[in-house]
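Encoded as structure tokens, the following chain is the form predicted on its own, with no partner shown.
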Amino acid sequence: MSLYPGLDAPRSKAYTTIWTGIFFVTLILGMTGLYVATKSVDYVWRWYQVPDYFFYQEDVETLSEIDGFIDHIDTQGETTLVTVKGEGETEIYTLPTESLLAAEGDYIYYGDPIGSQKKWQTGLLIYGLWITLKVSFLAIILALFIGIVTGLMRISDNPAFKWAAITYIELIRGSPLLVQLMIWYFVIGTLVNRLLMDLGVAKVPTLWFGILSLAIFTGAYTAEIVRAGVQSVHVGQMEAARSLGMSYFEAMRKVIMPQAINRILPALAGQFISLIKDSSLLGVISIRELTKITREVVTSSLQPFELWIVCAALYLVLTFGFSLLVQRLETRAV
């Protein structure tokens, strides 16, 4: 069924099949061309090393926590229990049998290795992805709050609220995010932390300056989206709500804002997807998000092609997942 009845001519099954086939043929040709291009580049592809930047096994040494003799070694198949007795204290360590580095009767000191075992560790890309997720989530929540409040101030009859909102929106939208990041970190951050140090209070972590800069930058655009959404609701809705005895704020909360939010969800999704991608700029203020981590790994591994492709794919997963979430919210709201 067409979304626009009367405007679209009915499409036959053959029409749909042909154009679907054209799409997949074009996609396959494009991927084939990309593959051929990669083969023509004088570069050694090492995709097999990429999984190690997500998860890897590391030999972790088990170190003695006391000085003393190895009193007993009890081997139980692939596992060995090592009992170390010191002066008035005893420690028992569980180790893989094949990794044992000591024998019964040996005297060991604090910090000496007794054995080692393989443990799964998270790689740098997982760490960078987690920081990007954390920053983006907190910034989106804060930006949404700032945007709603500022958007309502923008359409307020109170001149102080209205002009404060206009000033904030125009100042923030009139300068690049990168410049604002520098101001937040090198100017505001330095002043705030110096003041906190003088007061004997712990400094604010750099991560929070990055979150604030992203939230305030996105909040200015969100405010205009909210303003447009509220103004798109017919004025008769407010009049009807007021005629039922609702206060202005009650009418906004129960009648106007639910309709406005439903209308602006696609625009908000686009803005917040841009925020997720803009978080890649936080590396300039030493926040080790996904892009900065990728740059570090590329420098050490000399694998620019594989790692930058993986980095782009991870951003795509984040943004596409967020887009699907918003689409689900739209469907439920309809």
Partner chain sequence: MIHAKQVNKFFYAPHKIHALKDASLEVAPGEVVVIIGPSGSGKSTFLRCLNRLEYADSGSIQIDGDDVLDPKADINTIRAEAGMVFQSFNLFPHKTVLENLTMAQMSVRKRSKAEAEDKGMMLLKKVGIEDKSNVYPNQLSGGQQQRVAIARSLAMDPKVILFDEPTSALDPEMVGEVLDVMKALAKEGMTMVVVTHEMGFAREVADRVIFMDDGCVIEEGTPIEFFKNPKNDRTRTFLDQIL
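Residue numbers count along the first chain shown, from 1. All values derive from a computational prediction rather than experimental measurement.
The discussion below concerns the form predicted together with its partner chain, not included here.
Participant: Have a look at 67 to 75, 150 to 158, 131 to 139, 249 to 257 and name the one stretch with heavy atoms inside 4.5 Å of its partner chain in the model of the complex.
Facilitator: That would be 249 to 257.
Participant: Considering its partner chain in the model of the complex, which of A103, L199, L244, I92 comes within 4.5 Å of it through any heavy atom?
Facilitator: Of the listed residues, the single hit is L244.
Participant: Identify which of T206, Q237, Q121, T83 has a heavy atom within 4.5 Å of its partner chain in the model of the complex; exactly one of them does.
Facilitator: Answer to the contact question: Q237.
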